[in-house]
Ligand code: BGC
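Before any questions on how it binds or moves, here is one chain, the form predicted alone, in structure tokens.
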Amino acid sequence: MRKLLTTTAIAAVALMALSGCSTRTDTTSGSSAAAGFPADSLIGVALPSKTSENWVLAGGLFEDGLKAAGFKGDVQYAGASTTVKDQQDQISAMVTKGAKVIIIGAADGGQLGTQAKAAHDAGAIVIAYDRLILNTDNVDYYVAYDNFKVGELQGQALLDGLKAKKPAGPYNIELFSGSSDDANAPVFFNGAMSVLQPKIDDGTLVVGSGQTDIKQTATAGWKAENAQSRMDSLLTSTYGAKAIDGVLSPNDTLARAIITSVKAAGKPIPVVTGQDSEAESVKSIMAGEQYSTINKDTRVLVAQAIDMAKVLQKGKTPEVNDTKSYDNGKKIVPAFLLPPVIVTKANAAEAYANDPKLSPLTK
């Protein structure tokens, strides 16, 4: 799904994001909203259930940001038990209310095609937020952090952390990936495996359980209890008298669950990666437990999505910086990608210097 960006391209993306510039695409939406719409129009935001701090933060940021931009905002979260059905109904309601732009953080990117088509038929623009919407022509833009790069950074952090603890391998590791209904999960995993697979092939890394396929490593619903349960099983079945050196974890919530499992088993904490810069994981990193996380500032991502809505309101085409990489199965979706940053104890103070919530945790 995601082509590997070269170092030069990554640098260019970072520069464009920092300077507020990007490459303009000639792609235009097929909906009538491309002609512009009133400044006080309704903008819908459909988010998944509150499975991480970043989703909770995003909702408040969207509410405040849309109001400040002069829009009427309708921000909805899907419920935890009937997540996909809730989100489908919420998007349908936004269409009925006359939303001119609908920003969707997909609960399941493969099950929103009908709702995206209904939005287009009603003249709305559809922006996929953080997670790509799959198998439909009716998605206009994608705004996200560079998720393949996130995986690459996680894979490299795992290698760096292992080497720092023990100069030479082999290293015993286990692999975890995200929920199978999240289009980002395989992108993260494939990015990480692009770094790790050569080391598995040459014997530097040994996956003790042998579970290297994404179907084996998936964590349903991104739920901490599912990761902890699988880690418990792995420790019992594979690591009775053997040390585990590292774990690829795709996000912070799962990383903390994995660490909890290892502690309960009475084993030394391995090198564990993460993502999302959750406060509890930043504390864990500073305490020398979790090794790394990824900083994807939700404030910047939400602002970028709202900026797209503001440009569309004026009848103009939003700027994007990738028109080749994100194939959703039906079309290449024009994307604006932001650069992720790897964070360890060594650079946490610098990485969060401008974050009023996380900066105090690094002192």
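Each residue number is its position in the shown sequence, starting from 1. Since the model is a prediction, treat every value here as computed from it, not as a measurement.
Omitted from view is the form predicted together with ligand BGC, to which the following refers.
The partner is not drawn, yet in the predicted complex one stretch among 163-171, 184-192, 261-269, 72-80 has residues with heavy atoms inside 4.5 Å of ligand BGC: 184-192.
With the partner removed from view, the residue among 313, 54, 295, 321 that has a non-hydrogen atom within 4.5 Å of ligand BGC in the predicted complex turns out to be 54.
Listed residues 245, 108, 152, 276 were compared with ligand BGC in the predicted complex; 276 is the one with a heavy atom within 4.5 Å.
When contacts are defined as a non-hydrogen atom within 4.5 Å, none of 146, 328 and 336 contacts ligand BGC in the predicted complex. Residue contact check for residue 251: one or more of its heavy atoms lie within 4.5 Å of ligand BGC in the predicted complex. Although the partner is absent here, residue 140 lies well away from ligand BGC in the predicted complex, with no heavy atom inside 4.5 Å. By the criterion of a heavy atom within 4.5 Å, residue 131 is counted among the residues contacting ligand BGC in the predicted complex. When ligand BGC is considered in the predicted complex, residue 176 lies well away from it, no heavy atom lying within 4.5 Å.
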